[in-house]
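In structure tokens, one chain follows: the form predicted on its own.
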């Protein structure tokens, strides 16, 4: 949560690190996100339903009248720098390759980026599946675009900045992610989720009216590392699955999510009984699940929406195989706990968080009970966050 006190502390630390200057210190922020339903379909041209959180990345930024971008974080030692004349060198940074990638592609898009000093802070747990990477990318993008020499001429379009963030992650950190995380961080709206078609980028904000319920994120505290995980392998598998579906059905569809459930049922007897078939089934049925879940939510049927979340987790566990012992344990314990009407893993998987719909009056007991049971089964102490839904990437005016 961004507070005036936090901004003042960040400003003082910035001056401690970088010194006084006549240049103005400005502040920018972008949120993490929770995906309510629609997992591992964004890179298959599918529908997703994320919401921006009030957990966020924040940066203090100031022009430094040089050709160098300097990066610091309040929880890391050291200064990380790269030259605007050689942004590609940013790929080799121990920390800061996301920021370097964003600035590289901003310049490729015609922004006259200037030398800047950054100091980052934030309250999104790293490796939690809440997309701290996208938050850092969008914070950097809005800041660097706003301070560019030709900002008055170019301004910025948040969807374009989201695409730049995605490209930075592909090229500077080697994670072949879809667009959902960056889009949600850019386009979030308070008290709304986003129904996004990842193939077309058509979207609409959907009010998230939970009434007597709230969202609780349960962090397994088992960090995931997408670049070193099976994430890219899944992308290869669904690409092969698309080829198989087109060959069997005699179609030429561009995305796996262009197929309906009936198409899968028709093709299934001809699909080899292997992991790729499982991946295909998850993607196609998960995409349809998003449509049904949003319709149910808009009708005010929270119990039905919660059941859809459970179905999604089971599919991610059994067909897409991106959960693991810790996430499955958290899911199982939550589903057996009074007051919880829906639960599933959120994010890339292999660790991170579950999202849970819990009765507000039962929230405290839910956290104690689930935390105790999870720790007893895994030996890991979890963390919990009662969620508020916030706005997207922006400058903080003080």
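The shown structure was predicted, so the numbers you read here are calculated from the model rather than taken from an experiment. Residue numbers count along the first chain shown, from 1.
Below, we refer to the form predicted in complex with a small molecule, which is not included among the displayed structures.
K.L.:
Could you tell me which of 237-245, 180-188, 141-149, 155-163 sits within 4.5 Å of the small molecule in the predicted bound form, going by non-hydrogen atoms?
P.N.:
Stretch with heavy atoms near the partner: 180-188.
K.L.:
At the 4.5 Å heavy atom threshold, is residue 120 in contact with the small molecule in the predicted bound form?
P.N.:
It does not: once the small molecule is placed as it appears in the predicted bound form, residue 120 has no heavy atom within 4.5 Å of it.
K.L.:
Is residue 45 a contact residue for the small molecule in the predicted bound form, using a 4.5 Å heavy atom cut-off?
P.N.:
Contact check for residue 45: no, nothing within 4.5 Å of the small molecule in the predicted bound form.
K.L.:
Test of understanding: in the predicted bound form, would residue 50 fall inside 4.5 Å of the small molecule by heavy atoms?
P.N.:
Heavy-atom contact with the small molecule at 4.5 Å: absent for residue 50.
K.L.:
Examine residue 347 and determine whether its closest non-hydrogen atom to the small molecule in the predicted bound form is within 4.5 angstroms.
P.N.:
Because a heavy atom of residue 347 falls inside 4.5 Å of the small molecule in the predicted bound form, the answer is yes.
K.L.:
Sort through 105, 264, 98, 231 and report the residue having a heavy atom within 4.5 Å of the small molecule in the predicted bound form.
P.N.:
Answer to the contact question: 231.
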